[in-house]
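Given next, in structure tokens, is a single chain: the form predicted on its own.
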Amino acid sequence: MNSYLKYFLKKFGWYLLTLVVAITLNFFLPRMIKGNPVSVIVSAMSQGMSDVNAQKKLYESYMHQFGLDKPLFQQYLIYFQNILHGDFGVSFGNYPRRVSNILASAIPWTLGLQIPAILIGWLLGNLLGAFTAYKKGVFDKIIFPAALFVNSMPFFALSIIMLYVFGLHLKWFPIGGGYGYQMIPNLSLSFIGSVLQHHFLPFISIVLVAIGGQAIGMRSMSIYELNSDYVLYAKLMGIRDSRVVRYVFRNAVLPQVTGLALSIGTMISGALITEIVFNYPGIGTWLFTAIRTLDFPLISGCTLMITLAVLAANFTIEIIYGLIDPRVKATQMEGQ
């Protein structure tokens, strides 16, 4: 069998196993949170009802409808089977709206905000890190501390600062939402302009932190490569400096390619918090709402989408890495 095909199948098997484990944890962890969401729903619906039996029947009806009256393991098997068919169930807190419909409305907002921010932050950060490593001097003394300072700031802290300064104090940008509350989504210029206005602050918040982290990583890798023996040997051989630098930065960027996949993981933590701070209508805001209301299906749906995004990004990068990195190719040849 071809060495790269074996490498591909091995990686695919491990990621498939990881996905099964993630789905299992995705089901059980939300149910470890104390509280009964059906009790919250029934108490809200039965306000003013004095008939205890009617309240009890209402409770039993919702328990049966949501499948919570079955044993936990049986609930898991039903959940796993439904996931294979793309059915995430009905939201407890937004009944009778289905989780798949909520996710379908939230995912475009999250992707539209975070994917461009992560890619632009990765590109600018790597260019900035390579530039400071090559030029050194005053550029390194200014840019490196600035990148370190920005990268050390939590996403939510930078988001709150930008919200206060540019939203509340200067009033240059809206302070929350995905578009104006009085507007109906359409393809008009006024609606698109409103979306871009609401998009700017959370976008810049994510980009700045991403630039800082990538610049620090690229600077360190570039300095390591610039001081390598092969660089000194190439210079002694009289090879043009521009050609040497091209190979240096090509080697330095390889770990950063892996870092790009890991950056997608920021959607689990920091970048999703940015959505919550700005009340942006993406997965982060819905996940926060679901946790507050003990909405198990919506929690599971949001975290599963995030898990799938991270696994898919990492798997894609590893496959590409296996094609472009000579060291991985050499390892594949040794395994033949």
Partner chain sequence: MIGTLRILIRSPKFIIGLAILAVVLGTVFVYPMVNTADPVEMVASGFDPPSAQYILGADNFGRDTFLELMYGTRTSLYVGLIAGVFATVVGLVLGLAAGYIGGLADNVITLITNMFIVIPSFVILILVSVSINSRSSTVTALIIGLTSWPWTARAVRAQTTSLRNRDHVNIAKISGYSTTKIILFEILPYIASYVVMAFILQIASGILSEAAISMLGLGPYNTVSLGIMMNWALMFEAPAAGAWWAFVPTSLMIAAISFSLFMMNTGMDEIFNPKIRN
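The shown structure was predicted, so the numbers you read here are calculated from the model rather than taken from an experiment. Residue numbers count along the first chain shown, from 1.
Just so you know, the form predicted in complex with the partner chain exists too; it's not on screen, but the next bit is about it.
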Look at the stretches 80 to 88, 67 to 75, 204 to 212, 220 to 228 and give the one with heavy atoms within 4.5 Å of the partner chain in the model of the complex.
-> 220 to 228
Would you please decide whether T18 lies within 4.5 angstroms of the partner chain in the model of the complex, comparing each non-hydrogen atom pair?
-> yes
May I ask you to check whether F144 falls inside a 4.5 Å heavy atom distance of the partner chain in the model of the complex?
-> yes
Is F156 close enough to the partner chain in the model of the complex to count, meaning some heavy atom within 4.5 Å?
-> yes
State yes or no: in the model of the complex, is some non-hydrogen atom of I160 no more than 4.5 angstroms from a non-hydrogen atom of the partner chain?
-> yes
Hey, which residues along 120 to 150 are within 4.5 angstroms of the partner chain in the model of the complex, non-hydrogen atoms only?
-> T132, A133, K136, D140, F144, P145, L148, F149
